[in-house]
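One chain follows as structure tokens, the form predicted on its own.
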């Protein structure tokens, strides 16, 4: 695991607190719009992910790591397919822990 450039775990509600910072989240891919991927965050908010996705087709759930460039969008640097089924509830709880009292364990 590369620790030289840590990325903050975020959901849709936490993303606005981290604009211009390196973040990571998992989205459920909903579709594409004007060269960007539209997805649903672990807490069911719509996010837009910009950047060049991998040449392989995206799975239903994708982890993205990149820079939060607005309150609802991420400029992705890394895309990782997470498969067709994913526990978004548990990931959402992880995001909350990583931004709360256990933050020191994640950065």
Partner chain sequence: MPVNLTPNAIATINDGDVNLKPLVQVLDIKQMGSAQERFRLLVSDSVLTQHAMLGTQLNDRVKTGLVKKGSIIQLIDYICSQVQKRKIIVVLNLETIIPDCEIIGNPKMVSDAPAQNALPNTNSMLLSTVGYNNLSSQSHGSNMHSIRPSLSSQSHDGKMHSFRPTSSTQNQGGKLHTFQPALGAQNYGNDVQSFRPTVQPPYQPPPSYRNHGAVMKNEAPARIIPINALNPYQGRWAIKARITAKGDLRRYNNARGDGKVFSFDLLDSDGGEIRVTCFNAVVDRFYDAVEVGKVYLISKGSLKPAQKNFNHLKNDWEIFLEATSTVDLCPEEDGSIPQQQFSFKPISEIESAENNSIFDVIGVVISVNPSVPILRKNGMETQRRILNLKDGSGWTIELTLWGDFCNKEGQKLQEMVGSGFFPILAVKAGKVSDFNGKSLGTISSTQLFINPDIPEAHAVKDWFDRGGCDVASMSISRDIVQGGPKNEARKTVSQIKHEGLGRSDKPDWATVRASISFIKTDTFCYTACPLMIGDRQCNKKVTRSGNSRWQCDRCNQEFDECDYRYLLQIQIQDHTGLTWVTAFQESGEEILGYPAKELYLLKYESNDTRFADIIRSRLFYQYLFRLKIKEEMYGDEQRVKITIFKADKVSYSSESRYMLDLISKVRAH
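Positions refer to the first chain, counted from 1. Predicted, not measured: the structure shown is a model, and the values here were computed from it.
Note that the form predicted together with its partner chain isn't included here; everything after this is about it.
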{"property": "4.5 Å heavy atom contact, residue 20 and its partner chain in the model of the complex", "result": "no"}
{"property": "Full three-residue contact with its partner chain in the model of the complex, heavy atom 4.5 Å, for 87, 93 and 102", "result": "yes"}
{"property": "Within 25 to 52, the residues that have a heavy atom no more than 4.5 Å from its partner chain in the model of the complex", "result": "none"}
